[in-house]
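In the block that follows, a single chain appears as structure tokens, in the form predicted on its own.
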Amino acid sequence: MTRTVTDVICPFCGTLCDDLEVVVSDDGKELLEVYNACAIGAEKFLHSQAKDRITRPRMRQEDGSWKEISYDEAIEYTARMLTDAKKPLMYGWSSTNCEAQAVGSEIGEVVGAVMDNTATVCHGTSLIAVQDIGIPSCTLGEVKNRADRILFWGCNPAHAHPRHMSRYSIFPRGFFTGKGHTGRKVIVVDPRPTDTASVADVHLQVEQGRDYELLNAFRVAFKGEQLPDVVAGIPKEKIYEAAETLKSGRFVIIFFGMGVTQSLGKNHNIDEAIAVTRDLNEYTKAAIMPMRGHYNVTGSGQVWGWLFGFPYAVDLSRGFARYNPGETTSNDLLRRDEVDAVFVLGSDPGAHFPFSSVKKIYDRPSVAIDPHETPTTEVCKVHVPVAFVGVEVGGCAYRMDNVPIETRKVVEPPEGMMTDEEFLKHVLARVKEIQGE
């Protein structure tokens, strides 16, 4: 006998699709089928059943081999590492629930760590821009029900957020968008001919790194003022035409990704994109939203916002929260040799940081908390496998539009395996014991 768990939340990307159906065995120990998920989301569920999954902590030996250790030994190593360090870096926090993020934040406060999340290498510049001038945004539900002009700038949801277009932005029929995709106009701005661009009505193939110029040109075009013949590789006629398409809509939504946040101009690009949105509101209703990647990177920013007042790069080493991106961000600290221990949870800097930073992680006392084997687990001294959040344990996560959603547990974790939150609570208790000795 089997049973089907409905309305399951997908813990892959910031879209947090909430309509999955998962078939599990009657005893709740085996996950059999996943319906409605994209290929990446389904694989995340099914990977929890992998026969070669690592289920016990392990410590790297001097000869490079791994030795299995107990959870108690892993807790002791982690607590000692954090208390012995003068300035530990606690990085990641984007693929776990808000409950674990809260416990981890308390540990960071007790040991005087620098707390940073994956926004440091993706949408940190967006957060800076929002702090500069605010952001006129909305929910994905409003996009589905109202938006008839969709602008994707520097992002490719066809690959990075596979169900975004079918659930919210292009194809669904909403309350005021009953014609689905035939009632919407889609514009893509991207230097590459992506799969998202292939379904757009207009593709503006901007020159690499010249997003700021094109954004500024849109503001000029909205007012009907003169433009040069070509801006950022785009003929002015196309810019005027795209500007009129946006102005003629009833509801415009601008989605932007790392093609804008990490290209030349960085947070100033987002300043200008928000200004474009503000200008559009003189003609119609318009909103803008970052395409967040990890499924709960938004949640880590929310939790730290409540606790410390800053969404990432929070330096607690002086006993109070400091925030100065460029100084207190992970790569800058690693490359300047300013941290002496590294703790990673819910992220894979080994795959995404520059080699010079990864080498610094390898050279220091380090712990990686992750259900998977990743490049990060291979360079850290200790790897602690934990239960999959959203599959084997529930908890709160924030969708890319800042809507909190409760993820569901659908299957039991392997016997004896801890969750992120349980492991962190044990570490916190042990840290307090050591500091009281």
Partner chain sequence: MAEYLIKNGFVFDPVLGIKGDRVDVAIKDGKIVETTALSSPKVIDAAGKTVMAGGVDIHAHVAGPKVNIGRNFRPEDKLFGYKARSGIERMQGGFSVPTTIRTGYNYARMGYTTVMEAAMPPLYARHTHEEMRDTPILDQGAYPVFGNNWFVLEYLKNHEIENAAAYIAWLLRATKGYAVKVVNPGGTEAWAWGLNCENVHDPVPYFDITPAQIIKGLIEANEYLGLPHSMHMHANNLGNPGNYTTTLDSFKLSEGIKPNSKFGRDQVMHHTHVQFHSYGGDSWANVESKAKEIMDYVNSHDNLTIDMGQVTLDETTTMTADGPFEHHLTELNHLKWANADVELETGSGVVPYVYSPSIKVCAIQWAIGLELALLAKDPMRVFMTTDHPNAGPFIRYPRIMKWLMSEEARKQQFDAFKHKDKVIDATNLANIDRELDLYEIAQMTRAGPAKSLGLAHMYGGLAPGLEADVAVFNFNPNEPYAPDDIEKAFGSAEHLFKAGVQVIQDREIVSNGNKRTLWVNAKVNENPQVMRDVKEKFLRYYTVTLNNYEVTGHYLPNPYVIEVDATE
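Numbering follows the first chain given and starts at 1. Everything quoted here is computed from the prediction, not taken from an experiment.
Another form, the form predicted together with its partner chain, is not on view; read the next lines as being about it.
**Q** Would all three of Arg184, Gln205 and Asp348 be in contact with its partner chain in the predicted bound form, where contact means some heavy atom lies within 4.5 Å?
**A** Answer is no for this spot.
**Q** Please tell me which of Arg149, Arg364, Arg210, Arg167 lies within 4.5 Å of its partner chain in the predicted bound form, judged by heavy atoms.
**A** It is Arg167 that has a heavy atom within 4.5 Å of the partner.
**Q** Taking its partner chain in the predicted bound form as the reference, which of Gln131, Asn216, Ser263, Ser248 has a non-hydrogen atom within 4.5 Å?
**A** That would be Gln131.
**Q** Looking at the partner-bound form in the predicted bound form, is Leu227 within 4.5 Å of its partner chain by any heavy atom?
**A** No, Leu227 sits far enough from its partner chain in the predicted bound form that none of its heavy atoms falls within 4.5 Å.
**Q** In the predicted bound form, does Phe45 come within 4.5 Å of its partner chain, counting heavy atoms only?
**A** So Phe45 does not count as contacting its partner chain.
**Q** In the predicted bound form, does Phe176 come within 4.5 Å of its partner chain, counting heavy atoms only?
**A** Yes.
**Q** Is Asn145 close to its partner chain in the predicted bound form, meaning a heavy atom pair under 4.5 Å apart or at it?
**A** Although its partner chain is absent here, Asn145 would touch it in the predicted bound form, with heavy atoms inside 4.5 Å.
**Q** Taking the partner as it appears in the predicted bound form, which of 374-382, 395-403, 46-54, 24-32 has residues with heavy atoms within 4.5 Å of its partner chain?
**A** Only one stretch qualifies here: 395-403.
**Q** What residues of 321-347, in sequence order, lie within 4.5 Å of its partner chain in the predicted bound form by heavy atom?
**A** Contacting residues: Ala321, Tyr323.
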